[in-house]
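Just the one chain here, the form predicted alone, laid out as structure tokens.
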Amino acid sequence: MRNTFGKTTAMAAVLAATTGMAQAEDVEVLHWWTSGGEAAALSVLKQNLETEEIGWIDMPVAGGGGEAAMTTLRARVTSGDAPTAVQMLGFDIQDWAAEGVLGNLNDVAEAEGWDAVVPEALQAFSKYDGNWVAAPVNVHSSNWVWANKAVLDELGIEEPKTWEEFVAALQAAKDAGKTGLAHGGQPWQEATIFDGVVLSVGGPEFYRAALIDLDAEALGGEQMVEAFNRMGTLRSFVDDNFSGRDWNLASAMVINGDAAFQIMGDWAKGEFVNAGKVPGEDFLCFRVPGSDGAVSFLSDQFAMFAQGDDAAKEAQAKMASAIMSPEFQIAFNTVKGSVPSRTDVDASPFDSCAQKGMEQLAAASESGSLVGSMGHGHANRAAVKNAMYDVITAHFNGEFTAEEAADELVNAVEAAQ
């Protein structure tokens, strides 16, 4: 479907009528950044836009994976009431662009030279039919482990380098009465763990064959069975109350010393930093053991929905320009836990975990070990991703053996294509 939306949405009209606060250049922003660290990062963008005299109409939809936000967006667009800008991931941007409802950012992108500074892997999602339709805010990666250093020191645990060492460290924490692995029982969180586990089993080659190329032999073969076996091992170190827990509450378990480890994307670092913790002193960051050298990436982007009003288009362009400025990329990503979406940003203001992430991202891109995160919509479109979610979560909850899960994964992916 192809629609053109006026600048003033119903919500903006209500606010203008009831409060008188809506300005000529407001942007209504739909997003799911609602945790402490995320909200702190988002405030950087709000403040930046305030200096451009752009009003911010906030539309947060809680849910760390963004599924609830996409459901809300679908309802808004269907009713002809699209927000000005929407936080999106991966193939969701491409799907909305294919419906003809996204705006065009080519003018600001060309004026500021985005093509030269944004990695091609990100541009594949930022552009549609060669046109810029979204501004990338950051680059996250999902195959990280976060550890409470005091807990590890107390138990005499060194940073694990191999899968076997990681399992032994989880067991030591469990034996000491701690939760080995802090986790929230939500499908996207299990899929996040799965990103790192698949990489730990067969590296980027296997990951790409199974989760991106959807090769049936890779999806149902011995390496995938081993990946599910490893997921089962991790499940044995999760506490009994994990079901439905939000990811940031799992991060808090590690921050507070109730758990030793969490496998989560680098947005988790924002929670540690927001709690006043220092990398290397209070917590450790390292790749899922066995996945070293490989990076499963995702990028938060703001897609701009088509507007008919010139003032609204100007506000969108200013928002996109603000997002892509090196100064904002530094200010935002130092708080968010991610790394900049452009390659020419100075690394010195970033902490040791971020600098490690920036180095590993560049190295993985150079070596061909940079892969799109399945768990976060950068490997395949939503239908396939959701089919994988169902199998991964069912196995994690004990409904399938590892062998059955591998078989079900083949069937689910075939049905979803």
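Just so you know, these numbers come straight off a predicted model, no measurement behind them. Note that residue numbering follows the sequence shown and begins at 1.
There is another form of this protein, the form predicted together with a small molecule, and it is not shown here; the text below is about that form.
- Contact check at 4.5 Å (heavy atoms) against the small molecule in the predicted complex: none of F91, P187 and R381 pass.
- Proximity to the small molecule in the predicted complex, taken as heavy atoms within 4.5 Å, picks out 298 to 306 from the listed stretches 298 to 306, 145 to 153, 177 to 185, 219 to 227.
- In the predicted complex, no heavy atom of G357 sits within 4.5 Å of the small molecule.
- Interface membership of Q87, defined by any non-hydrogen atom within 4.5 Å of the small molecule in the predicted complex, is confirmed.
- Mapping the unseen interface onto this chain, E38 counts among the residues with a heavy atom inside 4.5 Å of the small molecule in the predicted complex.
- Contact annotation for F125: none of its heavy atoms lies within 4.5 Å of the small molecule in the predicted complex.
- The single contact residue among R76, R287, K336, R342, judged by any heavy atom lying within 4.5 Å of the small molecule in the predicted complex, is K336.
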